[in-house]
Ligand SMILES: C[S@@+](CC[C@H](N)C(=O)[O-])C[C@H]1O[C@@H](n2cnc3c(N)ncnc32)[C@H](O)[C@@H]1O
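Shown here is one chain on its own, the form predicted on its own, set out as structure tokens.
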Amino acid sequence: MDTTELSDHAAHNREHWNDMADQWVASGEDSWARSTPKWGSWELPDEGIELIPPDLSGLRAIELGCGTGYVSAWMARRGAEVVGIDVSDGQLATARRLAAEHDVPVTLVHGSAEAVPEPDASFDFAISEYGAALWCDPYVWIPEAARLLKPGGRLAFLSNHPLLQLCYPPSGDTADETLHRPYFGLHRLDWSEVEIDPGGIEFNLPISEWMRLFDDSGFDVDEFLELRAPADVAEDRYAMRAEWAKQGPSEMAWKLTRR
């Protein structure tokens, strides 16, 4: 893939994820081995979230920002013809190896979920667990998902909750109880030069702006979930304190239908 075709944040995130691809191999292997999905940073049980329909037989599905490809595998095992796209060739190398080892047919594409090389209305279902949902500009990838879906097609995605993003200190340290940035105007969060654990460029929006964007892009909202850490979890994860995430929503999930 020619990086000159990428937006500045996609090019940066490609380098970021290639540099850390080896850190996600073990978790990818564990997730590929699961028969039932677990979701998000807290590995929440599928019951009550159910981002993937139980039967995808005869349908075409795409994972936007597939990483190591385990969500693509879960969809393929439910009968879908699956495409996974990711900007990181390092992540895709793991996905390709695991697809071969598990003998799961998944088409893996090296590219950005902001500009997918597939025709209009070519999918019945699209999903992103983090991936595009966090690392791509929503004003670009949501309309792109709408373009890819047939009328009546569904989009599901899971990402950080806006409240969590507001509570990350400018240093990049663990989220706390202080609002460190304004809620209104929330969009691009650049962590590339923070003091603690420099990283990639993330995106989020106020809830009302997500709703407006969905409507403008041709989506109806079927369900919105605000997710918390399980009561029995004690360890912190990914700069999130477990106790914080039991009291406030650290993650969100949306289920949408294309008009």
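Here the structure is a predicted model, which is why all the values come from computation and not from measurement. Numbering starts at 1 and runs along the sequence shown.
From this point on, the text means the form predicted together with the ligand, which you will not see here.
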| Contact flag, residue 250 vs the ligand in the predicted bound form, heavy atom cut 4.5 Å | no
| task | Check whether residue 244 has any heavy atom within 4.5 Å of a heavy atom of the ligand in the predicted bound form, and answer yes or no. | result | no
| residue 153: heavy atom within 4.5 Å of the ligand in the predicted bound form? | no
| query | Is residue 112 close to the ligand in the predicted bound form, meaning a heavy atom pair under 4.5 Å apart or at it? | reply | yes
| said: Quick one: 125, 144 and 214 and the ligand in the predicted bound form, is every residue within 4.5 Å by at least one heavy atom? | reply: no
| field | Candidate stretches 159 to 167, 176 to 184, 117 to 125, 132 to 140 - the one whose heavy atoms come within 4.5 Å of the ligand in the predicted bound form | value | 132 to 140
| message | Given a 4.5 Å distance limit between heavy atoms, list every residue of 45 to 79 close to the ligand in the predicted bound form, or none if there are none. | response | 63, 65, 66, 67, 70, 71
